[in-house]
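As a starting point, one isolated chain is supplied in structure tokens, in the form predicted on its own.
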């Protein structure tokens, strides 16, 4: 494929103990953790009642998405978006499966509403008032790489800036025995055609991506979205390259300039 390129105009990040990109970058550089980190993300785009009811997947996705837009100085309503999640909200999916098997008439309408894979994207467009295109993607361990490719392709063919949001939650119940994921992890990038910020150049190549071994990747390796962390470790360290799993025996090679 041809090389795709984009400028990273804004970054959002949230994980247990690392509630923003500044904290994640500091941890990647010196191993320090912030004191009194919040126990859960707080998506201020939502009204207080909706914020309290939002499932973890929606909360973390909207938290990092807004942070990335603010970092880029972009109006959230102006950006097309790509939401990438390996599994969606596994806690809700496990609840749905168990309830349908045992007492199907007891299904919660709210949880049913939140069970769809594009729930976070829907909350985002409603909360931000965004009428631009939004895309929801899942590709197992290649989810983040494929989401990044989708966002960069939109950038190359239409938009002047695109929001990419990636997130995954804890696997619970019987689902946890067949697909493993721990903790809550989310990150977002506002990608622009040009401007200030690190410049990514992406190329698909044959061969498996190396196992990520940076500080963030080691700390958060149990989450299903951990494959994205090679890029965020590289951005934190000012590294010149990163490689992401992009499918069976495929990798997305990223050259990074201007970090």
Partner chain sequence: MPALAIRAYTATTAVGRGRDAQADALATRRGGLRRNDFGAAPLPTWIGRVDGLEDSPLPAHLAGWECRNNRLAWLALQQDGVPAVLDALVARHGAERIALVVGTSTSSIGASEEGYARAAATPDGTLRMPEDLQRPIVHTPHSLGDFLQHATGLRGPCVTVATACSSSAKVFAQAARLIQAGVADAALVGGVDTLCGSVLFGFNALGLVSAEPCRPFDATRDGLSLGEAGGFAVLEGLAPGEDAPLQLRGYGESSDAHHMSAPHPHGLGATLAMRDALARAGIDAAQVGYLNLHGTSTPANDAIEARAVAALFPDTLHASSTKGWTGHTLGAAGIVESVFALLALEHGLLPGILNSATPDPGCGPQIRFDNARRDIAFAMNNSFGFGGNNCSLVFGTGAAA
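Since we're looking at a predicted model, the values are computed, not measured. Numbering follows the first chain given and starts at 1.
Beyond the structure shown, there is the form predicted together with the partner chain, which is absent from this document and is the topic of what follows.
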All of 125, 136 and 172 with a heavy atom within 4.5 Å of the partner chain in the predicted complex
yes
Among 38 to 46, 24 to 32, 65 to 73, 198 to 206, which stretch has residues whose heavy atoms lie within 4.5 Å of the partner chain in the predicted complex?
198 to 206
Indicate whether residue 150 is a 4.5 Å heavy atom neighbour of the partner chain in the predicted complex.
yes
Should residue 179 be counted as a contact of the partner chain in the predicted complex, where contact means heavy atoms within 4.5 Å?
yes
Using heavy atoms and a 4.5 Å limit, would one call residue 8 a contact residue for the partner chain in the predicted complex?
no
is_contact(residue 161, the partner chain) in the predicted complex, heavy atom dist at most 4.5 Å:
no
Suppose contact means any heavy atom within 4.5 Å; which members of 79 to 98 contact the partner chain in the predicted complex?
86, 87, 93, 94, 96, 97, 98
